[in-house]
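Next comes just one chain, in structure tokens: the form predicted on its own.
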Amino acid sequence: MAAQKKAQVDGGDPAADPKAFRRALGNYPTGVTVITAPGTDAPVGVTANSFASVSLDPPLVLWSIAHTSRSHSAFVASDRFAINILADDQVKVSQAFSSSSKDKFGAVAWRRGKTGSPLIDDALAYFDCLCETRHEGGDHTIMIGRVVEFGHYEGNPLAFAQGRYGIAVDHPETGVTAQARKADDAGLAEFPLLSLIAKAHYKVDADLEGQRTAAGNTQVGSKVLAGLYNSSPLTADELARQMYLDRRQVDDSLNEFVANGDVAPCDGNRFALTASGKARRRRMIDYLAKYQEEQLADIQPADLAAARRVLESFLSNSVQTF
């Protein structure tokens, strides 16, 4: 049977709708890096997913930085930089370097590399570079570096796509036969609890895509609505940290919600749900509750209560949930 054709969400002239264009670009999954340089008075660092390999001989890599970045002038003036590829347990490191904080390096442990550029402790890999050349590319400067030293450590990469952080897991369709897939399912007991939680999250996210679209919600927008449940208004930075989202995507969603009246700015740079926003969030919770009821119908109430206690205990000190 032929696969059902996917509905187009956005398209057209990128100059006419740059936000939609950026959302389309966000469908290409990448890793997450923190780019660092010694700086003049203090080290500088930014989160970037524009990293790419250029050449093995000579060993060249590239990344790009927006002209509007506060660190643009510092990186353009530097003749060296380091690329730190983050591991899947370093979301907070990524968020620290994508924030507007003036003391990003105070939030992480680091050391100097061969060129003097900061290397982030516990990163999955690093590439310490001398700047080979720079090219202007539209609203970005493309930086090409010659790698003088690299390091690679055990672990798994932090992933990023559609404005959200993720982890790399085996695709269910990589099995050759149905029997192989069943064997894989039977091995779920071998996975750590947190890996099972991650698998469950991605299953729910995929299953609810149709209902989200019908309700006029994006993946990022749904998480922004969920994060604003708190009685205290939140800043965009706080929302990004609590919901593990990219700050730029949070800004886009907040702007749209403010424009349509679902979110209102208050207390300077903070945001809160309006009456219509609370109603929209309630509709989202309703279809999530219906999905949950269908999916968990065969699980004993006592087991569900135990699972909920475990998750609430785990999440209570770090993450805001529904």
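Sequential numbering from 1, following the sequence displayed. Since the model is a prediction, treat every value here as computed from it, not as a measurement.
A second form of this protein, the form predicted together with a small molecule, is not displayed here; the remarks below concern that form.
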Among 280 to 288, 293 to 301, 43 to 51, 263 to 271, which stretch sits within 4.5 Å of the small molecule in the model of the complex, heavy atoms only?
43 to 51
All three of H201, Y229 and R248 touching the small molecule in the model of the complex at 4.5 Å, heavy atom to heavy atom?
no
Does the small molecule get within 4.5 angstroms of any non-hydrogen atom of V61 in the model of the complex?
no
Proximity of K104 to the small molecule in the model of the complex, heavy atoms at 4.5 Å:
yes
Using the partner position in the model of the complex, report whether I65 sits within 4.5 Å of the small molecule, counting heavy atoms only.
yes
Though only this chain appears here, would Y126 touch the small molecule in the model of the complex if you measure heavy atom gaps against 4.5 Å?
no
State the residue from S98, Q242, N217, Q90 whose non-hydrogen atoms include one within 4.5 Å of the small molecule in the model of the complex.
S98
In the model of the complex, which of the listed residues (N255, S69, S276, S55) lies with a heavy atom within 4.5 Å of the small molecule?
S69
